[in-house]
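A single chain, nothing else alongside it, follows as structure tokens in the form predicted on its own.
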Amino acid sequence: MDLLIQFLTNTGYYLADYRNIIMLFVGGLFLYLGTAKGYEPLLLIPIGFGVLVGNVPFFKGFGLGIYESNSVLHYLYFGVTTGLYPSIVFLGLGAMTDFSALLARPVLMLLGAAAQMGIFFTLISALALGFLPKEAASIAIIGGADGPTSIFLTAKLAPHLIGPIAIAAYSYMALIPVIQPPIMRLLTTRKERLIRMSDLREVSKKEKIIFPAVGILLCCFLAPASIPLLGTFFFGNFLKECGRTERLAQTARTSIIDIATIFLGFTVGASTQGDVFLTPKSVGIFCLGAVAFSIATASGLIFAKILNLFLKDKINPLLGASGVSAVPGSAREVHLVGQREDPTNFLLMHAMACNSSGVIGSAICAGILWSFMV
């Protein structure tokens, strides 16, 4: 009987508390959204399953938990805490990205820059709410709507907040179809949503080869702390465009980024142990993250409308919403909202130009914040 009682007290059923139960429901919700609803399944499914694994109760000191230095999960988590996984993801993103539309109409790059206003507004708000400067900077980067960038900066400035910040960033990326369309419709008129973009000029192969080399010099000279992200991003793009390393580019945009995404999502999910994750700060981060993402979307839309006051060839203001760096979710949503007004209006390529510039912009902002806060 004593052995039976001892066995029962060692099980997760006995050790679980309300915080584990809450997080198990959160993990189940992520799995439901990714599987049944199809919301960013490549992100939400690894994170959701990681949440389930991370909230199975266990005895401390057995080398099981992600925060125990001798555990397998802790070694996998090393890629998160050092910024390794985000850099690998950026390598794959670079190998996937086509800058043709951006090079054909460089003015669209300004919309990616304008959408970063959400970062700096949230930084001020987080400081006003009592967060420490490094914590506020880590929370602010959620406004860029870029999960890997958020994780990278948080790992450098506020590693104790990686869990809530990563979950918030990826949650809002997955909820783009819910969050962005109402803001688009609120801040634009139907006449503006019907604006057709002019045809893009054909971009030469030479331009596409030169761009990543010039981009790395311009961006990283401006913000050297962005080298770990933009260095791999532009390198991946050069592999794609140079025409001599297609095998490497193919590996970067398939196998490598898939492996990094699996481990990144799973370990971030596993880091959300109820006793570590469920704190008042986590609630504040989720609220500020929603505000940051909404302001970033609104900033891009409003700036596009301002640009139209000076441009003869008008820009569809919806493109401003794709200035956030949630690739390709926000570009796809802009295209879909435009097509609801006019099924023959194709905005996807133009939106991808803003989207890719948003990736660069959020990485530069992360580098600037890191250099100021160290």
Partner chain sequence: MYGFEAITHYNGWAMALAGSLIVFSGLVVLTTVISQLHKVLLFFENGVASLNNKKSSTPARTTDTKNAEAETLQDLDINQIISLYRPLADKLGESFELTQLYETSQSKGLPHPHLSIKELRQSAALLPLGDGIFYWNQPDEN
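In this text the structure is predicted, and so the values were computed from the model without any measurement. Numbering follows the first chain given and starts at 1.
As for the form predicted together with the partner chain, it is not shown, yet the points below apply to it.
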Using heavy atoms only and a 4.5 Å cut-off, determine which of 224, 182, 243, 130 is in contact with the partner chain in the model of the complex.
-> 130
Of 117, 96, 290, 248, which residue is found within 4.5 angstroms of the partner chain in the model of the complex when only non-hydrogen atoms are counted?
-> 117
The partner chain in the model of the complex: contacted by all of 207, 215 and 219, heavy atom 4.5 Å | yes
With the cut-off set at 4.5 Å between non-hydrogen atoms, does residue 191 touch the partner chain in the model of the complex?
-> no
Taking the shortest heavy atom distance, is residue 263 within 4.5 Å of the partner chain in the model of the complex?
-> no
Closest heavy atom of residue 353 to the partner chain in the model of the complex, within 4.5 Å or not?
-> no
For residue 124, is any heavy atom within 4.5 Å of the partner chain in the model of the complex, or not?
-> yes
Per contact check vs the partner chain in the model of the complex (non-hydrogen atom within 4.5 angstroms), the hit among 147-155, 167-175, 85-93, 193-201 is 193-201
So which bits of 96-112 sit within 4.5 Å of the partner chain in the model of the complex, heavy atoms only?
-> 102, 103, 106, 107, 109, 110, 112
